[in-house]
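Given as structure tokens, the chain that follows is alone and in the form predicted alone.
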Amino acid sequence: MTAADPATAPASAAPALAAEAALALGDDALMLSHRLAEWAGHAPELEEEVALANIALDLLGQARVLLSLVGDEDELAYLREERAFRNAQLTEQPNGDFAHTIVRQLYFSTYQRLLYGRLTAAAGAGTGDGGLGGLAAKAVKEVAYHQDHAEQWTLRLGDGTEESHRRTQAAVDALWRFTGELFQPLPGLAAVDWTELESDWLTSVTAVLGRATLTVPDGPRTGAWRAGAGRQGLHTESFGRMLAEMQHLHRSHPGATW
């Protein structure tokens, strides 16, 4: 994979109990990175070309470190079949319009910042981070920017024109059902109180939506996804097409070096 140099991965693999968590979080970052990269050449303004590309590279750097804790990062990214990926379904959702991309980023980056903040604190206390505290300490600084970027655009779009408000509310409603899956406990992360994490996420997101004059959806955030969905390798229809595109070059030229 090509990206800015990632944080240095520990020489040893992730503890067995945290390997599943590292894989899931790595897949989250990898898939959302790829989705954001799809905006290259299509963002609504030049500044957003740079901003979305930088966020994509941050996420790709995180993915590289996390996947390298589990095995060979390239093999995990390019040679696994669809059912072997453990990313939450939210991260694989198509970009849609710009409002859709921003709301997806708001939901996910708020989750990442809260999770990595907890893992950073746990590492400082010497317990419960599952060996992911080093990554979390670096990543939490990146995702704080990701969250701020998403919040500023949510406010701008939600409290903007009638059309921008309509599109942003549509995105808020459409993506809401994918958010519950984020808070299913990941093995090995004993320091994380997932109920508390979800409560803090709801408080933060609700506050942003309120400031943006957007309505928090009434619909469920779990429902059909309670069984595990993406975390169990069950993905939405668009995922297969995205994966085929992402893996095409590597599978077409196996063993090639650049």
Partner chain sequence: MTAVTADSHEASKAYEAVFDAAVAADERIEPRDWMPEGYRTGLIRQIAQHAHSEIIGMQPEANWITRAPSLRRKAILLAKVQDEAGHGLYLYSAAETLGASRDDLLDKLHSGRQKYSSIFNYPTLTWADVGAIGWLVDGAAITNQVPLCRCSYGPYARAMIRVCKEESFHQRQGYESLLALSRGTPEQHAMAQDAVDRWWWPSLMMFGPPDDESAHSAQSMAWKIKRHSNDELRQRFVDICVPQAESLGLTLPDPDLKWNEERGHHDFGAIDWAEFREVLKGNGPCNEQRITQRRRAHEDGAWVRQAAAAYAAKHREATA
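Positions refer to the first chain, counted from 1. The structure displayed is predicted, hence computed values, not measured ones.
Keep in mind that the form predicted in complex with the partner chain is missing from the display, and what follows is about it.
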- As a check of understanding, the residue in L189, A229, L209, A56 with any heavy atom within 4.5 Å of the partner chain in the predicted bound form should be identified as A56
- Considering the partner chain in the predicted bound form, which of F98, Y111, F178, F85 comes within 4.5 Å of it through any heavy atom? F98
- Item | Whether L30, H34 and A43 all lie within 4.5 angstroms of the partner chain in the predicted bound form by heavy atom | yes
- Query: For D74, is any heavy atom within 4.5 Å of the partner chain in the predicted bound form, or not?
  - Reply: yes
- Interface membership of V216, the partner chain in the predicted bound form, 4.5 Å heavy atom rule: no
- Residue contact check: M246 to the partner chain in the predicted bound form, 4.5 Å heavy atom: yes
- Message: Under a 4.5 Å heavy atom criterion, is D193 part of the interface with the partner chain in the predicted bound form?
- Response: no
- TL;DR on 131-139, 115-123, 75-83, 179-187: the one with heavy atoms within 4.5 Å of the partner chain in the predicted bound form is 75-83
- Query: Considering only 239-257, what residues come within 4.5 Å of the partner chain in the predicted bound form, judged by heavy atoms?
  - Reply: E245, M246, L249, H250, H253, A256, T257
